[in-house]
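Quick heads-up: it's one chain on its own, the form predicted alone, in structure tokens.
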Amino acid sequence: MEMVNLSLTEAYALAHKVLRGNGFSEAHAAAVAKNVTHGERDGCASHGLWRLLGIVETLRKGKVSPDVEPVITDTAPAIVKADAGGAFSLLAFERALPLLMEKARHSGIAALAINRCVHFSALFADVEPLTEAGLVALATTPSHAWVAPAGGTQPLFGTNPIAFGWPRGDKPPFIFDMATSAAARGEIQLHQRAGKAVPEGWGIDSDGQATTDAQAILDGAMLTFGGHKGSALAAMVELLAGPLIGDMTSAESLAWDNGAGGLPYGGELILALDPTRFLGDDAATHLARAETLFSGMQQQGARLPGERRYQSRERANRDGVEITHSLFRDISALLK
């Protein structure tokens, strides 16, 4: 397969040019281009440059604002609300982040609710800045109703990711970012694009039968990981980042889309916790105990979540990233 190598500077420039050329404001284009470039850099192709295709398609279908400015509201001592106004979540997050961190340091815990946002990005990008500031973080968001609950056959939940981050001082943070579905939808779409079968257990066809055909799953329903356990977590995400913050469930998001095929629309909930406020003078002692946990995992041969992402980041910073020539061609065509 013919590949195209891009430095990170070139990857960002390509993404930024595509976004600006399709009408996104400078602020939104910069935030989105940075996000997809970082996804590619970190070896997360399902949330990398490939996402530009869906981002521009969503704009052309009138399902995202390219230029609205987010409105940040200080609603309670430990709560920040960011109204994205129908734009992508990323700029709203950037604008609200300083106030979220300030509140977490003051109260020990704080929450950010991003409302009326279109969401496509991996959640690790939202928890990593908090861990870099020494905070513990949790983020979650619904999506479109693509996933059947355990025991069911019809889409009801979104892929409903959960991301968690733990600061580790001068070491890369402990971060996991996982869909509550058996796989991220982007992974299934990449398999479909490549004409490859997906592993068993990822989804069912429109008749409720197990299948490894990516297109059949896209037309049918995805499955949760771990059966009823993943299904319960998916329901939790629906509640926390839906009704709790006054935003849509995945089924409501899909109904709002009304067949346009745009990216999910709804809300995101982010929690930030300050270990120093919980622990005071004992913070260093207890954070060191966490390091004992991590080393105990590694001594058994276990890989810490996020390790491969940071290894990929190091390689990409040195060697750039590679995408298929067909993807490069499709992205370049968005400029026409």
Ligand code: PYC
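Quick note: we count residues from 1 along the sequence shown, nothing fancier. Here the structure is a predicted model, which means the values were calculated and not measured.
Below, we turn to the form predicted together with the ligand, even though it does not appear here.
- Residues of just one listed stretch (78-86, 210-218, 234-242, 113-121) have heavy atoms within 4.5 Å of the ligand in the predicted bound form: 113-121.
- For the chain shown alone, Pro173 is not a contact residue for the ligand in the predicted bound form, no non-hydrogen atom being within 4.5 angstroms.
- A residue is said to contact a partner when one of its heavy atoms sits within 4.5 Å of a partner heavy atom; Leu263 meets this definition for the ligand in the predicted bound form.
- The ligand in the predicted bound form is approached by Gly186, whose closest heavy atom lies within 4.5 angstroms of it.
- Under a 4.5 angstroms non-hydrogen atom cutoff, the ligand in the predicted bound form lacks Thr224 among its neighbouring residues.
- Checked against the ligand in the predicted bound form, the candidates Arg41, Lys63, His28, Arg51 yield a single residue with a heavy atom inside 4.5 Å, and that residue is Arg51.
- Contact annotation for the candidate site: His47, Trp146 and Thr159 all lie close to the ligand in the predicted bound form (heavy atom within 4.5 Å).
- In the predicted bound form, not one residue of 19-36 has a heavy atom within 4.5 Å of the ligand.
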